[in-house]
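Take a look at this one chain, the form predicted alone, written out in structure tokens.
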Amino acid sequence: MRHPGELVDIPYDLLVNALVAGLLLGAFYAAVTVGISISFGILDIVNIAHPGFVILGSYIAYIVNTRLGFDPILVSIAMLPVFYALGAVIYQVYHASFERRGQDSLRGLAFFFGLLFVTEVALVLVFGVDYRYVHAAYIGPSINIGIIDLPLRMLVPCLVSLALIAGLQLFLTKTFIGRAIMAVAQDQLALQLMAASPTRIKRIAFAISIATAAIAGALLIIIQPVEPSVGREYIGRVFAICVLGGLGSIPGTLIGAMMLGILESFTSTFYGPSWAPAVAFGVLLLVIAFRPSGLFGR
């Protein structure tokens, strides 16, 4: 019989698998959050509707997968230009309605909240509230390496997410447009002196942020079935990760997402999954209180 105060032996394999599951989950969170990191962290546009566009990407992957049998990830890559164009149109409306007129950010927040609501209602009207899922060869099987269990439905999204993060980081640091995107948040006048239009650069950046939702949506429906309101569950997580990693820092977004994924995984494993959503808000409050600039913010 265990005496009060005696330490409980936790199986080593349980600890290792909880850590691995947290890393895989965190990589997926990074894919969902990187668009917010660009719009909120770099452009100072609080696009609260971003999770709604992620769900839209999930449903497009679902439609094409069920009707034509194409892989969800390939569908999301093919949809990148469509989501990019959608993001450019949304930014143009936002710029004409709020930025150019000098409206306060609260009205812009209301605009994106309205977009989230409209997107969710439209999906409910078309698809209903039933959960939808996709079929792929890597959904179901697992790879066992010693005591480590690697579900392919988590491993594949993890690898795709890492490739997405690496590609965006290279684009932002090695190309003229990428450096202009990073500069637009710091000194728009200097950007104009370099013959670059701040409005055009912001439009490109915001369009890229929406385009990432296409890939994140495909990864989401690979990991779990979706229904129109699932995006709400990620609002707290994405902003917590964005603030934790440091606004506008792509590597910080990845590290912050990994940290949150590990925390959620250990919380779900040892305390139950019902406690996991509270972790994101707890992290957000702690970071705001003790390090508002985040881990890698400047």
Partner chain sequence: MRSSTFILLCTVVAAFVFAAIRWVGNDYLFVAGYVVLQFIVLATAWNILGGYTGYVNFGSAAFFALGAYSSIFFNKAFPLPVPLLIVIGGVVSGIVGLGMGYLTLRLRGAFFAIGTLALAIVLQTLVTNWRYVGGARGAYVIRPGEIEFLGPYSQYLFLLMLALAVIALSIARGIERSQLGYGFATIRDDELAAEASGVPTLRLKLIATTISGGLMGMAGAPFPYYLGYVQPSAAFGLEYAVNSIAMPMIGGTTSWVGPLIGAILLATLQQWATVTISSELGVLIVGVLLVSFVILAPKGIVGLVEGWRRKKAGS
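Positions refer to the first chain, counted from 1. If you superpose the two forms and keep the largest set of C-alpha atoms that fall within 1.5 Å, you have the rigid core. Bear in mind the structure is a predicted one, so any value in this text is a computation, not a measurement.
The form predicted in complex with its partner chain exists for this protein as well; it is not shown, and the discussion that follows is about that form.
The closest heavy atom approach of M259 to its partner chain in the predicted bound form falls outside 4.5 Å.
Using a 4.5 Å cutoff between non-hydrogen atoms, I143 does not count as a contact of its partner chain in the predicted bound form. Using a 4.5 angstroms limit between non-hydrogen atoms, G167 is distant from its partner chain in the predicted bound form. Proximity of A137 to its partner chain in the predicted bound form: non-hydrogen atoms within 4.5 Å are absent; the residue sits far from the partner. Partner contact region in the predicted bound form: 92-100, out of 74-82, 92-100, 173-181, 200-208, criterion any non-hydrogen atom within 4.5 Å of its partner chain. Between its partner chain and the residues I255, L263, I48, V64, the one pair within 4.5 Å by heavy atoms in the predicted bound form involves I48. Among the residues I250, A31, I55, V243, the one placing a heavy atom within 4.5 Å of its partner chain in the predicted bound form is V243. Along 246-280, these residues reach a heavy atom to within 4.5 Å of its partner chain in the predicted bound form: L247, S274, W275, P277, A278. L285 shows a C-alpha shift of 2 Å or greater between this form and the one not shown [criterion: core-superposed Cα displacement of 2 Å].
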